[in-house]
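First, one chain by itself: the form predicted alone, in structure tokens.
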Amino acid sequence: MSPTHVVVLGSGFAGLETAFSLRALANPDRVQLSVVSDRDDFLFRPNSIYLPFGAAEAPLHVPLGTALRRREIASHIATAEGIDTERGVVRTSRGPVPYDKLVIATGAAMRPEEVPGLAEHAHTVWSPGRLHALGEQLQWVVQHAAHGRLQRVLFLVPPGNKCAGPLYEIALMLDTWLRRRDVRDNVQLAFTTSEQNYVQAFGPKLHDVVATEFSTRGIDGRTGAVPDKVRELEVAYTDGTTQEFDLLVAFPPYVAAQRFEGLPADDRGFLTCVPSTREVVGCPDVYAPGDAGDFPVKQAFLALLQAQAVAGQIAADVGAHLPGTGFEPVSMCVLEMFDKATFAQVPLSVTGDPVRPVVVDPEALDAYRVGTSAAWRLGKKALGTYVPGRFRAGLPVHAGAGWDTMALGLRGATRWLAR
């Protein structure tokens, strides 16, 4: 029998983890693999939060050519333009690519236009270019503050954002960064979010940590603050209040990076999936792990878990591996602050409520752990080395001796440094 041809659209966390996991489970005589992406590298986006503070961008880019060839995975540098599910063909900018099974991992994008004035007057947290531009503005903040001019920096989370964690990190990191430059007294920091709680998706423990840090650091925080419009130096909120700023930093609403006509999706273009397998509803053999799918939280760790579930399902379908347990949404994240960090392990449950689409799983509260310590910064640095290194070698993140060691260390640290 000829091998099953699996085409993966995208070279982010979900796409690469699916491809490399599937190759680890199935040899080329069982599964022929192709990756279609408009770029030939992987961007380790979680560490882009360091760019505004002077970190180099080059280490965040992982070239993929050698890794894909090593694992006998074909690479198509092209943009997917459409999908014909009846014929099993992806239309790309460089011609058609046939498939037996399709993995759509094209990710998410930002739509700042949902809030009038946000695109024109805010520095957004998304691409490396925008984060470098933010870094230039922060240098001006320091210069003005050093010369006695009060600076007002406002952070903003509007509705529709699917993972605001990086914005919280930058706000907390900025406080530490300014203190180390002896200008914090001349900079007012404020944080307003449309969420009902800080980092709402990750439950009350993380809210309490952020609230305490904001209070201790003198950051003026406000929840339930929905922006109506942004003017040149002022945000107007739907409750009639306004807040002035000299620098506005925002994480805009999320939308699907690419919409595919004929596939079921929500109003933001995220593909509707079977929860456990991430198979697109009504489309056999088409899957959408990670940010392209409709899971309410967009986060790298969750994307990796979804990719593993997809790879396991496909490997089982071709008879190369036993069926797995499917996607079980347990998030892990580290919130950087420069002087320390907070680790959170959060089992999640989908509610169907648009106001609170996910909550901490009430049946797994013993696994819900949060802790703050300078030691967690070492964990974040370790992940920042480990994950790119795995992809550079063409290996899945959640597999092998390296991951076993990493997981063992996390379990031990969680036992002692989180509750």
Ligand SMILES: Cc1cc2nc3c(=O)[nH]c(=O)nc-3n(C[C@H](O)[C@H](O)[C@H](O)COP(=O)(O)OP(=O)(O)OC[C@H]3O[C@@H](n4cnc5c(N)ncnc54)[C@H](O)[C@@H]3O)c2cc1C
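Just count from 1 along the sequence shown to find any residue number. Just so we're clear, the structure is a prediction, and the values are computed from it rather than from any experiment.
What comes next is about the form predicted together with the ligand, which does not appear here.
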{"item": "Which of 346 to 354, 39 to 47, 366 to 374, 55 to 63 lines the interface with the ligand in the predicted complex (heavy atom within 4.5 Å)", "value": "39 to 47"}
{"item": "Distance check, residue 327 to the ligand in the predicted complex, heavy atom within 4.5 Å", "value": "no"}
{"item": "Residue 392: touches the ligand in the predicted complex, heavy atom cutoff 4.5 angstroms", "value": "no"}
{"item": "4.5 angstroms heavy atom contact with the ligand in the predicted complex for residue 78", "value": "yes"}
{"item": "Contact flag, residue 158 vs the ligand in the predicted complex, heavy atom cut 4.5 Å", "value": "no"}
{"item": "Residue (of 163, 73, 190, 173) lying close to the ligand in the predicted complex, criterion heavy atoms within 4.5 Å", "value": "163"}
{"item": "300, 178, 309, 153 - the one with a heavy atom within 4.5 Å of the ligand in the predicted complex", "value": "300"}
{"item": "Any residue of 342 to 378 that, in the predicted complex, places a heavy atom within 4.5 Å of the ligand", "value": "none"}
